[in-house]
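What follows is a single chain, given as structure tokens, in the form predicted alone.
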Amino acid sequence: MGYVLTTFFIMGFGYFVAESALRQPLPAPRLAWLGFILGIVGTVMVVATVLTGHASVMFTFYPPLTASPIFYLGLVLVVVGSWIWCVLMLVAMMRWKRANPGQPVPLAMYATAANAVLWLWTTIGVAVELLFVVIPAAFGWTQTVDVGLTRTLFSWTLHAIVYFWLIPAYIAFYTIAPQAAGGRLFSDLMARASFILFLLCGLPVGLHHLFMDPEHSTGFKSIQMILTVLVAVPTLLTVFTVTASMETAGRLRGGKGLFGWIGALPWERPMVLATGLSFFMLWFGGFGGLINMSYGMNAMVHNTSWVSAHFHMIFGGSVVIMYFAIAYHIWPSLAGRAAPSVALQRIQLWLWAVGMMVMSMPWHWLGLNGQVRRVAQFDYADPSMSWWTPWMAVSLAGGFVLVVSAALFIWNLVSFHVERSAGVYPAPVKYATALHPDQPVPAALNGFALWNVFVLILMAAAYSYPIAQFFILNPPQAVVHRVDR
């Protein structure tokens, strides 16, 4: 779900933004279809190996365990397909800039291109790990692997990939939600700055996932903690900017007093509702992240269900609910029909938010009490674990609610094509206009050349020695163990 749902959604949404925001045809659509086909083929290869028991290593690979080579090759195809998308997004933006010299790139497209740049940087780590370490071991070409090196390379990708998933939700926050609420974007420049900060702060921080690994020094871990704290800056900037945008909309709709604008917002609109629910879950998930990023407190929750709860609240909650809202928002344009029932869309969003909260909150509590994650089963007859049972039952109930919500989401999209809305024709998708649309955009916030230089410096500072030490110190190797036999 982490790789496939996100990658296909982000590619599709990016293609939509490239055409609707830039108002120009997508460059090289055949290449786009090639990327899609590669992703489909790779997904089938991955799913086949997982379902047949030949890839029980999860998406973090768990070296020195190795799965079937088909599993890894399938993942490579999915990533290659996404690289094609990245190139097309950057080409589309550059082509628009050549045709519109001196003009600011529309914010939705600028953010999409930022995500493409981030993804190209992000996938370097996992690509090197797969191509030069894991796949040779899976084919039997090597008999040992350096576990510390593989984990370090994967950490290059492990955290930054979250921002690849997250940026489409932020695109909706900035460019769709204010428009849906009947207002304007508070600041275009602050929005652009937040996406640049995701590049600068989100990429060089993956080593904080290895706080408990002995291969890395306390000094580098402390640096990673400081860098990780900075990741909160673009999120806080987004919360402020989007809240100000929604307040503008609420006051334009007659909201009075300090908080009267909240009730004046059109909560019956799925995009507005999803934004509110997403922010609510972001509060809980973000607080969990503050615990994880602290070197000391991380030791308390490392490898417990607390981490699973944080991940699900942020990704499965705040991010995926915006994926649903984006789909509802753009589907009328894609299908050429209006939604048969907006009420069902609201019900689905509520079910998702409630289900995610009910499922994830017990994990937070149990994680604080030592429930480990990534184990096959628990012995609930053990007195030390028996009290977990009612909490797990609550979590299971939340999971069932999520299943119902997911099924309703699929039905809501299918209904566009089986239930016509007579006499109603959807308007073209529009993106939010800034409160000060004539405000000049600095060149640095209209491209990525400067920021790529800064990213290169930061990545070198964060990863050069942590990776080089494995070649300098020549640590012991682990014997490869195939789990698919």
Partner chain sequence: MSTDNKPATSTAEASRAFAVTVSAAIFAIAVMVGLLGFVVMPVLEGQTTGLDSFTAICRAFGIGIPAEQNARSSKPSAPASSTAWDSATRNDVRRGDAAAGAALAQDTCAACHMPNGLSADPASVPSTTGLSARAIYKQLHDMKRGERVNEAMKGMLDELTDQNLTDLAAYYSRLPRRNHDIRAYNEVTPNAVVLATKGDVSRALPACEACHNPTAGGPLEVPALTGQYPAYIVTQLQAYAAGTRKNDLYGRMRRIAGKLTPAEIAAYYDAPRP
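Just so it is clear, the structure is predicted and the values come from calculations on it, not from any experiment. Residue numbers count along the first chain shown, from 1.
Another form, the form predicted in complex with the partner chain, is not on view; read the next lines as being about it.
Asker: Run the contact test on G219, L445 and V480 with a 4.5 Å heavy atom cut-off to the partner chain in the predicted bound form and return yes or no.
Answerer: Checked in the predicted bound form: all three residues contact the partner chain.
Asker: Is G355 a contact residue for the partner chain in the predicted bound form, using a 4.5 Å heavy atom cut-off?
Answerer: Contact check for G355: no, nothing within 4.5 Å of the partner chain in the predicted bound form.
Asker: Using a 4.5 Å heavy atom cut-off, state whether P27 contacts the partner chain in the predicted bound form.
Answerer: No, P27 stays farther than 4.5 Å from the partner chain in the predicted bound form.
Asker: Residue-level question: is A127 within 4.5 Å of the partner chain in the predicted bound form, judged on heavy atoms?
Answerer: Judged by the heavy-atom cut-off of 4.5 Å, A127 is well away from the partner chain in the predicted bound form.
Asker: Can you check whether Y465 is within 4.5 Å of the partner chain in the predicted bound form, heavy atom basis?
Answerer: It does: once the partner chain is placed as it appears in the predicted bound form, Y465 has a heavy atom within 4.5 Å of it.
Asker: Looking at 131 to 139, 399 to 407, 355 to 363, 327 to 335, which stretch has residues with any non-hydrogen atom within 4.5 Å of the partner chain in the predicted bound form?
Answerer: Stretch with heavy atoms near the partner: 131 to 139.
Asker: Quick one: from W83, W350, W267, F378, grab the residue that has a heavy atom within 4.5 Å of the partner chain in the predicted bound form.
Answerer: Filtering the options by heavy-atom distance leaves F378.
Asker: Only one of A181, V162, L75, L227 has a non-hydrogen atom within 4.5 angstroms of the partner chain in the predicted bound form; which is it?
Answerer: Contact residue from the list: L227.
Asker: Could you list which residues of 83 to 106 come within 4.5 Å of the partner chain in the predicted bound form, counting heavy atoms only?
Answerer: Counting only heavy atoms within 4.5 Å of the partner chain in the predicted bound form, the contacting residues of 83 to 106 are G102, Q103, P104.
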